[in-house]
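Given as structure tokens, the chain that follows is alone and in the form predicted alone.
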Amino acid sequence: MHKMTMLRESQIMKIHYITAVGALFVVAVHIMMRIAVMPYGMSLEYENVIANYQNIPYIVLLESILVLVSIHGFNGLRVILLELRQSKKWEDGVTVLTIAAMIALIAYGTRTIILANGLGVE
């Protein structure tokens, strides 16, 4: 039973490392797009920000950043919290809470992307 827990944790850490590399890549692409398209100050103007949400490749990029950084960040928080206490009940509770928070953040961020794109006009 203990060996399965170690395997499970090693798989979780592989996901942690993969999401770190993925996040570095998509954030680098995001920054390069911001620099290449227009001056930084102009890119923050309301009309330009909204225009970004109408560009499908850019939407995919933003959603990728949201998902990868959320998974990586909440798993990092989970690892830190697991260092505070060592019990099965604590581990299970921390895991459930961090997964729930991660899902909530991704859902809220995705909702924001959809609303900014004008797809979910209220």
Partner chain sequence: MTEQLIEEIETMEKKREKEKHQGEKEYPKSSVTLKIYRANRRAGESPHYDRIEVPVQRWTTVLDALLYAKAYKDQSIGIRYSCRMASCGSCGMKINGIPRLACYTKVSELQGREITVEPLSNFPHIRDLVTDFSQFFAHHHNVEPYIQNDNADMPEKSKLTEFIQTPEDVDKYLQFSYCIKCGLCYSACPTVATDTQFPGPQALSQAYRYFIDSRDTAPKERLDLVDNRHGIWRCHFAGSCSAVCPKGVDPALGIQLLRGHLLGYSKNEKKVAELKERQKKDD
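If you superpose the two forms and keep the largest set of C-alpha atoms that fall within 1.5 Å, you have the rigid core. Positions refer to the first chain, counted from 1. Every value quoted in this text rests on a predicted model; they were computed, and no experiment measured them.
Not pictured, yet referred to below: the form predicted together with its partner chain.
Site annotation in the model of the complex: the residue of 59, 26, 37, 79 reaching within 4.5 Å of its partner chain with a heavy atom is 79. Heavy atoms of residue 13 reach within 4.5 Å of its partner chain in the model of the complex, making it an interface residue. Contact annotation for residue 95: at least one heavy atom lies within 4.5 Å of its partner chain in the model of the complex. Shown here without its partner chain, the chain has 82, 83, 84, 86, 91, 92, 95 in 82-99 lying with a heavy atom within 4.5 Å of that partner in the model of the complex. Here residue 87 counts as shifted, since its C-alpha moves by at least 2 Å between the shown form and the other one after the core is aligned.
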